[in-house]
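Coming up is one lone chain in structure tokens, specifically the form predicted on its own.
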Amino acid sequence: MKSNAVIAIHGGAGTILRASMSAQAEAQYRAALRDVLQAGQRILAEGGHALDAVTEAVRLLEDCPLFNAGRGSVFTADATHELDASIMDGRTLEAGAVCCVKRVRNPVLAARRVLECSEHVLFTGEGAEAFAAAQGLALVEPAYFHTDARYRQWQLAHDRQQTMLDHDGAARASLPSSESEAPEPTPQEPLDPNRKFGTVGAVALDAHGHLAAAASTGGITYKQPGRVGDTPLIGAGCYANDATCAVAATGAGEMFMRMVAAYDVSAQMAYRGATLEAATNDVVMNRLLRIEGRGGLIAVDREGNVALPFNTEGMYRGYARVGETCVTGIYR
């Protein structure tokens, strides 16, 4: 009998820079996505649980400096790092999350321990780090998260004294000419690093019929310390329910929070009988756009259907079914 087991991942959404991306750079990003997908695919192929597959996928994305999560996270206005992550088990509706951590190497592992070992759902800041340390998770010096590319983004934002939120380029066009003449983004990155939603996520359905979702982020460049987006908030940036679907979002966090976007997909399926495709398209292409919410999401339902909608010019994404070749994408 053919398995419906499948995993999908994303690495952020934003403005595509086709002209400045070499074939080698695109291959690098696709290879990174493929490696992560294959790791999750192996877990599912061996009969592993969806929760384990999404945990490993997001952990690997956190360890890859190409993406804004874990190592390679963006800088706050104070030139520090604050990381967030969440995870949810569709079988039990248990969830765990951490936010504003500065020394936890893999925030998704801390979120997983919150799910498994705590009566709470969300820990923040020093309390989250203390919990992670008590659980034996790896702590690192803040310099571990530094990359030169992210620091250059911080310098640009510092010069402008503003967060990097205008990922579709609309605001840049409205800036005075002295401000709109910003340095060109590094040619190695196909999505403009100064106008990109930096989040990673994974959703999966396992051979046992269970769903799970996980997400992690370094936030937004030049954010005010203490700002928290949708990623660690269950129902906003991450949600899973075996009765409907698993969702992981990436985008303008405040808008996804206001729309409770991840849960809205599940609610539309549960309460009005929408298909996964219809529910995800409505949330991303209609409801979010009404409040100028930019970004996308990945989702999988209990039948193994996959949806990867986004309303920006591109989104790092991919999915892999057990026994089939991985599929990756960047552009529309």
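Each residue number is its position in the shown sequence, starting from 1. Computed from a predicted model, the values in this text were never measured in an experiment.
Not pictured, yet referred to below: the form predicted together with another copy of the chain.
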- Would you please decide whether residue 204 lies within 4.5 angstroms of another copy of the chain in the predicted bound form, comparing each non-hydrogen atom pair? no
- Query: With the partner left out of view, is residue 56 within 4.5 angstroms of another copy of the chain in the predicted bound form by any non-hydrogen atom?
  - Reply: no
- Query: Using 4.5 Å between non-hydrogen atoms, is residue 152 touching another copy of the chain in the predicted bound form?
  - Reply: no
- Message: Using a 4.5 angstroms cut-off on non-hydrogen atoms, would residue 258 count as touching another copy of the chain in the predicted bound form?
- Response: yes
- Message: Counting any heavy atom within 4.5 Å as contact, can you tell me which stretch out of 139-147, 69-77, 126-134, 207-215 lines another copy of the chain in the predicted bound form?
- Response: 126-134
- Non-hydrogen atoms within 4.5 angstroms of another copy of the chain in the predicted bound form: do 25, 106 and 247 all have one? no
- Item | another copy of the chain: the contacting residue among 276, 64, 267, 43 in the predicted bound form [heavy atom, 4.5 Å] | 267
- Quick one: which residues from 116-132 get a non-hydrogen atom within 4.5 Å of another copy of the chain in the predicted bound form? 117, 118, 119, 120, 121, 122, 123, 124, 127, 131
